[in-house]
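For reference, the chain that follows is the form predicted on its own, supplied as structure tokens.
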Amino acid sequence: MVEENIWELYLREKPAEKSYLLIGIPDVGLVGPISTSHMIRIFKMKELGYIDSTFLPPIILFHENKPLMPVRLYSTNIDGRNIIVLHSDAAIPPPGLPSIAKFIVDLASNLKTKMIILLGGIAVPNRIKIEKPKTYVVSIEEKLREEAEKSGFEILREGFIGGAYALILKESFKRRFPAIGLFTECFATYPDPGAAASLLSTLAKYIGISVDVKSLLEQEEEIRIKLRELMKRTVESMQKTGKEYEFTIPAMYA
């Protein structure tokens, strides 16, 4: 029997308990990693450590002469809220998705986080005509959905979520660990900083912090150009991960 591949955590220091764990994994429009990268930069977040696995491509990054692993953890305190960010600069290959979903929920539980917040996109065919993309809240817990709706957030009422984020939500559902997803209308195969800006504005309102997205919008075209290759790898990885279901209405509600 072949031993199951394991994701390994290398943590330099333990973050504060009751933190919000924000997840930015490459997916449609790269909305998640654009959002987490922006937060890491503007809040000058401290790198806590990294996650590694043979599921990841054999790469290492360099930024300002400093080596970086592809999947990293950061933390900070913003307006009295403890924040942990999991940011990935590499698309997760489909065979690694089930195990990283379990790993992330284990991580959230072991670090005694307040909840998991998935940052991602929902591809829409008419995105080019949408000036301000909508962000939808998805939750595994009825209480969180009700609270979000009462606070004026848009709730995703019908449809599918596919890929890595679907597996994390499913694992959270099975384990009864608090988790929500913030998913913003976006392009399917083009990096979408505009969608990331809308998402971050919703996140800021949801957890009660201030996030300046002005520079994100000002550098929109530059970000698109820089992330073209990651988007290409992500599109290749998204095939056969359930993303095709996101354009489908569930049969029982048709």
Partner chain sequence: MEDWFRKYLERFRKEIDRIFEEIRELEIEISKPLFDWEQKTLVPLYEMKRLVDELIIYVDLPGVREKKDINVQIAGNKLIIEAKLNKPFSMPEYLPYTGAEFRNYRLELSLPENIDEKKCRAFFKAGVLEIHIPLKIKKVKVKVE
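Numbering follows the first chain given and starts at 1. If you're wondering where the values come from, they're calculated on a predicted model, not measured in any experiment.
Below, we refer to the form predicted in complex with its partner chain, which is not included among the displayed structures.
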(request) Among 199-207, 49-57, 36-44, 218-226, mark the stretch whose residues have heavy atoms within 4.5 Å of its partner chain in the model of the complex. (result) 218-226
(message) Please tell me which of Lys112, Lys129, Lys132, Arg176 lies within 4.5 Å of its partner chain in the model of the complex, judged by heavy atoms.
(response) Lys129
(message) I'd like to know if Arg12 sits close to its partner chain in the model of the complex, meaning any non-hydrogen atom pair within 4.5 angstroms.
(response) no
(request) Using the partner position in the model of the complex, report whether Pro191 sits within 4.5 Å of its partner chain, counting heavy atoms only. (result) yes
(request) Spell out, yes or no, whether the shortest heavy atom distance between Lys18 and its partner chain in the model of the complex is within 4.5 Å. (result) no
(request) Verify the contact flag for Met238: yes if a non-hydrogen atom of it lies within 4.5 Å of a non-hydrogen atom of its partner chain in the model of the complex, no if not. (result) no
(message) Using a 4.5 Å heavy atom cutoff, which residues in 156-187 contact its partner chain in the model of the complex? It's fine if the answer is none.
(response) Phe187
